[in-house]
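The data below hold one chain only, encoded as structure tokens and taken in the form predicted on its own.
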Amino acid sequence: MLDFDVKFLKGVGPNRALKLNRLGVYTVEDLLNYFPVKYEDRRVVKKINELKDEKKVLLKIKICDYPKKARIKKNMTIIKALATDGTGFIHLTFFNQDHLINNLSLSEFYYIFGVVKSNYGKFEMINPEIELVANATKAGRIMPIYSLTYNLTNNEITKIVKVALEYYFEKIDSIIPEYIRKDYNLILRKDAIRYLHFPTNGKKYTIAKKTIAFEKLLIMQIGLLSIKSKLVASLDGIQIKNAKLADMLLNSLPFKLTDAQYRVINEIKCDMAKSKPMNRLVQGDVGSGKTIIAIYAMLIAVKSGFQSSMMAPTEILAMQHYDTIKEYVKLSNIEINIEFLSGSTKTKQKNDILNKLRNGEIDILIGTHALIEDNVEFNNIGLVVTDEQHRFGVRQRALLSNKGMNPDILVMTATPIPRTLALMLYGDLDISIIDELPPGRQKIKTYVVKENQKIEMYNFIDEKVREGNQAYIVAPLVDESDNLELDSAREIYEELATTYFSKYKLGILYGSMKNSEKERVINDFYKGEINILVSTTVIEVGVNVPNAVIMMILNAERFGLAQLHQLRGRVGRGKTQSYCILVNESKSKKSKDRMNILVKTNDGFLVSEEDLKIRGPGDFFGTAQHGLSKYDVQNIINDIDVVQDVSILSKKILSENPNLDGAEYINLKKHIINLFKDENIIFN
């Protein structure tokens, strides 16, 4: 019943359904799982004589005098009114709400909710929410705040969710068996969903949050552990153990590997030599030398008579891996055939590559998601490498591994994740950690500045660019947003190109550009033909420009610490001292504390541990990782104890009942299969 199309829900319809679709909401189930990102507590009515500037409050007022209306420009009207609660006065200003001129009565009491501003001792609210006390539906409650899309308001989503709960509440089945709910003090799923949308108090919200977090994590963890169990039990793995070419590579390197790199190489060699498939994650900070380890493993496979592939999430990163591998192979005088394949590869060239791949004429194939297309057939693949694993899901990895007879799998990520969470996120993988950086790598100097210090920072960038260096300026959005007061890449690019940096060559880069255009911009930046690159987070991975020494991140408060650390890692790749400038426009202490973590350390694992203490594990769960939406997890999980409880419980359940047989597990099993999309890769 919950897979009912949301457009048929009362109050939705085709047009509103299209807006919900943009949020990933297609069914009633999706809607019920689209949880608020935050809440507004409207249970306390404040007095005007208690007000403080810039605070959001609820007031109970009467209008003192008849409202006055004026037209300030062609498409904008303004209504002003003076109100009181007996302890003081407040000025109300409404834009483009003409209906209020006839609806605001001097004899009625109203609730108003909004941000208080103080101007020369006078309090003002601009566009507050207003409702009659007699008919109030929001005052006295905790109100949900949802993430929105264009032309869809919070009020609309709130009403639609209420309708869904009214009609479908009794149809919401629990996923967690009753004995687990009792053991861990959880509540029924339907109650948890209702309290997460409309909590009546903090206690009910907390237990609801724990219940849904427990449920989502249990589904994911049992699925991952089942996959790992099947892989370990498989007898169809291949033995890959000829390291002659790989050792030629190491002997020809102009630098010495770190002890951590040698340790991880030995772990990989041991795995590959076994008759069971390797499934190993290599975690290493930015610049720790993961790529050379991947090349070493691929050369073992090639010398042992197998093909290798390496998949990266972006064409830029995949192409850089291709160039790097060719460079190292040439340096080592190793003669093998390496090819590159992506969505933008020309048809004739692509067909030629696919034919050679089928015939076994290609030893190593580097590429993007194009590698998992049906027409990509390997002759004898022995090793699959995926880079930046948080960008891929388990299913994508499985599709690539299914190109051969249980090939070895090596997964790499530069996103540092605390070990407890890594075991949870990558439950189907063994984990190696490169916890050491090559000697001589300079520490990047990191500074946190306020918005009003941007000009000073632009002057600093100007100074460094005049010295012959390059800089990145990262913005959180591509275009200006009507809903968010954030800097956009286009807006910043246009402003800087005509003002502060008009004498330099600027470039702009964002995700929706054509791949060929992205490639051109990156190459121009790499060659030094672009002095300053204005970009979105598309440069988070896969851009290696040693001459870039400044990373300036606008609205840094909008990013997770791991992402900020990744962006910072784009500089400091040459011999010149590098700098990271975080423009923090938030006034909160929490935001300031987070930014200061990056000032204190360049160690990505320390950054992730500190971020975990401040914000909980939600931010480490990538939205594409296992098909979980960010609202399923990111805004729910904040208790590491839940993660650990679920990890222990999952292992216990699978040891006693590996196929989840029995009526009590029916719903849990159904949701696991639905999440991973394939029953065969999970249960026997």
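Numbers for residues come from their place in the sequence shown, where the first is 1. All values derive from a computational prediction rather than experimental measurement.
Here the subject shifts to the form predicted together with a small molecule, a form of this protein not shown in this document.
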In the model of the complex, the one of 287, 114, 574, 476 near the small molecule [non-hydrogen atom within 4.5 angstroms]: 287
Of these, 257, 370, 506, 142, which has a heavy atom no more than 4.5 Å from the small molecule in the model of the complex? 257
Residue stretch of 349-357, 514-522, 211-219, 249-257 approaching the small molecule in the model of the complex, non-hydrogen atom distance within 4.5 Å: 249-257
Does any heavy atom of residue 328 come within 4.5 Å of a heavy atom of the small molecule in the model of the complex? yes
Check whether residue 261 has any heavy atom within 4.5 Å of a heavy atom of the small molecule in the model of the complex, and answer yes or no. yes
Considering non-hydrogen atoms and a 4.5 Å limit, does the small molecule approach residue 591 in the model of the complex? no
Hey, in the model of the complex, does residue 86 get a heavy atom within 4.5 angstroms of the small molecule? no
